[in-house]
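Just the one chain here, laid out as structure tokens, in the form predicted on its own.
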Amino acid sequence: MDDTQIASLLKSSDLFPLPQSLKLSYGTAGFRGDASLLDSTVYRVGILSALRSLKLGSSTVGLMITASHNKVSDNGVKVADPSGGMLSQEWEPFADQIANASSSEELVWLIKEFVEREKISIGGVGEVLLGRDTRPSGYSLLRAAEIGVSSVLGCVAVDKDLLTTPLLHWMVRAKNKGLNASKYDYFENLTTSLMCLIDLIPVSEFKITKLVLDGANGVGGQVMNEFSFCTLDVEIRNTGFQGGVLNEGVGADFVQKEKVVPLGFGSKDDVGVRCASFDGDADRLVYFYVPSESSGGKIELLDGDKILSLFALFVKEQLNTFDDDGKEGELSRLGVVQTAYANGASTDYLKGLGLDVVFAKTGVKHLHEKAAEFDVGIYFEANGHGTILFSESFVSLLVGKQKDLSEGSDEYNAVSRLVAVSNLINQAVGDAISGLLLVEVILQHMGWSVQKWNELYKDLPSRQVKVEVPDRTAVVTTSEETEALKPLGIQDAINGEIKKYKRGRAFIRPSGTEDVVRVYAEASTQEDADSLGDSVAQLVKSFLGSS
């Protein structure tokens, strides 16, 4: 790293001093916090993104400014790798180091050391696509990102303006594949693959029923307003244009956690109607409906587990149609990935379908990695973040098989559906828009109402408890976070409590950001789930103490 590059970094970093006592850690969601404190962080992630592009042979990298489902006064920043996936975990320690460097001199020293160690050639051509959600703080933070990117010689920031997070990831993936990668290419891709699936619905008449969408007063509702729904009937509420506040009493996170209608929903006209909610940056999706006029705002929730189950059932149906001799798995391996937080009833249902169910550590980057091990891997967290991954070799197999089959045959139609799904679904990251379109077409394919879908299985009652402790690192779990390895003896004690309850299940895991241990419990009744959760929380306090 020569003197010119060092001077460029020193000059620009002086514009963004680190706020006192700010300490951030790069996780699944990147960096998040109070927007007023993040200028220096976003500037430094701009530098990191530029270096990432140079390291990977001038590949295009993405930088998204969003705090997703957080309150509007927060913001955040995260990086999309050239694959369209999340930043490689190997670079997260470097992200932490530069984000927390206390001075310009320390920052430049850390960058210089990293560049030399990683053998990054400064002076090459790098490109970073920038996107932001609708938060008022996004514009100034985007300017900080631009300065960070351009302070690395030879690197260029391309402002893509207001985008959903999944759309930015899609653009990055498409651009690095040599494909057209604008927002309108994204729309065209969705439309073409959706229409293909609609044309393959095995009924004489395509029945249109209304969907009402809660846009969380965020960018997702606004992007959906630009999209032609083909033959779908979608009414969008909470777009942000009517003065609503981002994520305040609206959105997927609110609906999933509170299990009540978002603002703008709940009139008698909404009873029984199929509804869906995005989160603030449209990477999460949940469905719901109001069961009756007397429900008092309470809803029937169809969360990420239910969406996963619907997708798995549909994909399995197509695979079974053409796998050799009707024997599943001879041509393909379908797997589903959940976390320990998945409701036990959903896991039982998926296993009952004969599916390969595996567990991953909490965080979509861990689920994504596991899902990529299958020919077709489906992952979802209960919060509504998930997608379907198709291996490139399996898509090639499908396309080849499609050419050899008789058009209109059951096998041809099944293969064509899977090819269309691989194009419709966002394989880079969870995408509420593409996920919603796939749910809608599968329900039409099945001839199901939202109520019929909800009957796949009944969720077990559950309880979550947060226990403050002096040192969360005292808890060590298995890689799937389903059992505690330390403190010694605590898992045996938890198992003893679990045995007291019908269909009991519980686990503990340390928080990734604060000194708390999270407890999850479920059982056949809500009373038992609450009791089990409380008793496990007491075990945590007795083994670790409470702060």
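All of these numbers come straight from a predicted model, not from anything done at the bench. Start at 1 and count along the sequence shown; that's the residue number. Note that the rigid core is defined as the largest set of C-alphas that superpose within 1.5 Å between two forms.
Omitted here: the form predicted together with a small molecule. The next part is about that form.
Note on the interface: of 288-296, 352-360, 378-386, 170-178, the segment with non-hydrogen atoms within 4.5 angstroms of the small molecule in the predicted bound form is 378-386.
Only one of the listed residues (Lys452, Lys112, Lys71, Lys257) places a non-hydrogen atom within 4.5 angstroms of the small molecule in the predicted bound form, and that residue is Lys257.
Site annotation in the predicted bound form: the residue of Asn495, Ser511, Ser58, Ser36 reaching within 4.5 Å of the small molecule with a heavy atom is Ser511. At the 4.5 Å threshold, heavy atoms of Ile490 stay clear of the small molecule in the predicted bound form, well away from it.
Contact between Gln464 and the small molecule in the predicted bound form is found at the 4.5 Å heavy atom cutoff.
The small molecule is not shown here, and in the predicted bound form it never comes within 4.5 Å of any heavy atom of Phe227.
In the predicted bound form, at least one heavy atom of Tyr341 sits within 4.5 Å of a heavy atom of the small molecule. The two forms, fitted on the rigid core, differ between the shown form and the other one by less than 2 Å at the CA of Phe31. Relative to the superposed core, Val519 shifts its CA atom by 2 Å or more between the shown form and the other one.
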